[in-house]
Every structure is written in structure tokens, then in C-alpha cells.
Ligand code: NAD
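Take a look at this single chain in C-alpha cells; it is the form predicted on its own.
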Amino acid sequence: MKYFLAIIGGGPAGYTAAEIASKAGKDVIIFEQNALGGTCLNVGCIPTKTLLYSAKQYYNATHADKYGVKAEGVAFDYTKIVQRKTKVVRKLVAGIKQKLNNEHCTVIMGAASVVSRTDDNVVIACGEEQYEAENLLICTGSTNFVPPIPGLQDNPTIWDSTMALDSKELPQSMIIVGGGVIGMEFATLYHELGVPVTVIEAMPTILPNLDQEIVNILLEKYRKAGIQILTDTKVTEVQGNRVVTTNGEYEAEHILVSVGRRANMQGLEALTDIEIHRGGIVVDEFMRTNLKNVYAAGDVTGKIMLAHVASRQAEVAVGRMLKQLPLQRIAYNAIPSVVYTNPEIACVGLTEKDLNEIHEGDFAPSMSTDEPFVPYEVHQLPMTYSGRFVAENEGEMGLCKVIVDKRSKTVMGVHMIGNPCSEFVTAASFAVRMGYTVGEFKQVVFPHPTVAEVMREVIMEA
């Protein structure tokens, strides 16, 4: 039979697209090489957060005296922590498989590759079989990037994030090369479980794409807590378990390399005329490639490599294939981001750095560089302006920062550090997405007592 849609990759983009198209009554086939759920569910978001939650439970127990609770003899079993992580992943993978089965979507496990394509037909091979479809959605995701540093290859001390998640034993000590989101989350995990951690970042700061004032709060806390964080430091060579840098040499039992991910183009070799830019597949606002019946979504596009972005891109792509009206688009300016450190960081919209670079004509993710400089104002308060935050975060200050267009008074960005800001950053995302003015945001009623109220407190000061 000929399918309406063939999907290569069963991650957040792939399984979301499959479910939507199947619910619309279309015949859908999806190929997955490893496990449904992709990187996010199997070797990324979910297993990392499961391990981090166990580490946070241990950390909270050992610091319970701050809340008048005595907890003696607190210990953890890392083997059981890893077992629980595996159980959580299996449960969620099974849930995705069941949903696809319920929608009568054909699921093929195996490495798929494009054989040929015309404007009305795509042929895909998997194993000994070939399959035809009217449309192709590429959701092949991304892979860990290994920088060309001497000593990384064939070195048993080197881990990537997948190997770190699979390990059933904690390292005695850890060097993390890369102070981005993945690196800092693993630094949190290992530190809270008592592992000496050194983070080496080539950029002048960790988490370089986030608001610097927010990052500095985390940086100061982690350094005081004993995490060695080296910024503006480049790794020049690795000798066994020794890392040679521009600021000296460092040793640890294991070295975790987390310097980013690259789009995975495996199986797409036959699409010789598909447009690629900076390693990712070029798509328009509806996720269409330059080939008439070929779409792409998720990390393979090289845009924002986040699971929730991939899911939304899949929704837009399928909506366009089905010719649904009104046509959907993605508001990339309102994509929330979270770093699951302790405390958490959550943000959406533009940072001060972004706005200053617009002024300099160097920043243009969604606007032309010839747009005029946008005068802005910053309003911020410590998280302690929320009564619930004070009750639940002893000794913490946190920060909630709102960036407002000085002329229109619209909310352009919200940046926060403090638990549990990941759970209410969606409200900020909605405000940025809908172009709320300060006056409109002031009319939003927040339940009391919640930590989210701090956003209203900041806005009331604007």
C-alpha cells in the first residue's frame, strides 16, 4: 500500500506527527532505529530528570535541618536510582507505542533510508522491504558532537551523555567538558551525590545563551558549593584521564564531553538536492524543505534543539500537509527554556544581550538586522517577594527579571532562577507569545500563595 505520510524517526517530532496524521484518518508509517521516544525519552530529557530528582531528594534530606527536620544516616543506592530511571523510561516508551497502536499507525523498528523521491512519491527502505508514501517527514534528530581534540578517540575514560546515563556506578570524580545545559545538569547530578566535579567551558561564561545576571547567580552558588568551574578555558589535549587546558591540567576518573549536538543525516543520502545550512535541513515557516513533498522537524533542522520545539514543529508540518486552516506557524520568540539545575533556571524571549546585539546589528534570529534598535527597560525582584518561595526555599534569594519594550510596554522576555520556576514559565511564554503589555499582564490573577506570583509583583513595579 501507499501511505499518506512516512516518518523517519520516532522521537517527539516523529511520534507527535504520526499521532496527529493518524487521528485525521491518514495512513501513516513511522520508522525508528533504536527506541520510540528518541533521544529525549531514552537518553536525554526524561532519564536525566529522573536521576536529577533522586539526587534532589538526597540533597534535600541531607539539608533538612534548615526546615527543622532531623534526618540521620541518610544514604542512597545508585544502582536502585539507575534501575528506577530505566523503569520510568520503559513505562513512557510503552505508552507512546500504545498510543500509536491505538491510532493504527504502522510502526517499523529498524534503520530506514530514502531510496528515491519524486514530487508525488517517496520510496523508503528498511531491512529487506521497501515502502512508498506521498509525503516524507524527516525527524532523524541529532547525535552527540565530538570535538577534534587529541586524545578523545578510543579513550575508556571518556563519556558522552548516553554513557553517563547508562553507567550503573557513580564515578569517583568527574571532569565535564562543556558548561552548557547538558553539562550543568550533569554537574548538578554528580555534585549532589557527592562526586567532586570540575566544569571546563571555552566561552567566557557557562550557559552563554541565557541571561547573564541569572547565570551569575547560579555560578556563584555552585562555586561556593565546591564545584570547580573554569570559564574561558579551552581543552587542548586529553591524555588518558588527564585534561590539558589553556589554564592548567586536571585529572578525574571520567571525563564527560558535552559540547553540543549535531543534526543526524543518516539514511538521507539519496536526497542529494535537499538544502542544508550549517549542518541542518533548511525549512520554511511550515517545516517544508526545498523538496515539494519533504518536510523536516526537530533537531535535524538545526534550529532550537528542544523536545517541545520538535513536537510543535511536527504539529505545524502535519497541519500544512493536511491543508488545515488557519495555517499554523511557530512563535520562535516565545519558546520557553529550562535548565534543571538546583535552583532551576527558566526563561523565554529576548535577553538584554540579545537586545544590545540587535542595536549593534549582529543578532537576527527572527528579524532583519536593519530593524531599529528597540529601547527596553528591565524590572526585577528577588524571588523572596513570593511568600511561598520564602516558605519552601530557605536561604535562597532567586531572581525574576522582566524585559519590557520601552515604547509599546510589551513584555519581550522573562528570565528566572529559583525553584520551581520551570513549572510556571509557561505563563511568561504566553505573555510573550500574545504580545501582552504591562497593563494587560497586570490584569492576570495569580493564585495565592504560589511562587508564580513573583511575576505579578515584578510587573506591578513596571
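Being a predicted model, the structure only gives us computed values, none of them experimental. Just count from 1 along the sequence shown to find any residue number.
Below: the form predicted together with this ligand, not depicted.
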Checklist entry - So in the predicted complex, does any heavy atom of residue 340 sit within 4.5 Å of this ligand? => result yes
Next on the checklist: Contact with this ligand in the predicted complex for residue 180, defined as at least one heavy atom pair within 4.5 Å: yes or no?
Outcome noted: yes
Next on the checklist: Please determine whether residue 344 contacts this ligand in the predicted complex, using a 4.5 Å cut-off between heavy atoms.
Outcome noted: no
Checklist entry - Does any heavy atom of residue 193 come within 4.5 Å of a heavy atom of this ligand in the predicted complex? => result no
Checklist entry - Just one of 254, 117, 261, 312 has a heavy atom within 4.5 angstroms of this ligand in the predicted complex, so which one? => result 261
Checklist entry - Which listed residue (96, 158, 268, 305) meets the criterion of a heavy atom within 4.5 Å of this ligand in the predicted complex? => result 305
Next on the checklist: To test your reading of this chain, name the stretch in 212-220, 85-93, 287-295, 197-205 whose heavy atoms come within 4.5 Å of this ligand in the predicted complex.
Outcome noted: 197-205
Checklist entry - Check 49, 149 and 185: does every one of them have a heavy atom within 4.5 Å of this ligand in the predicted complex? => result yes
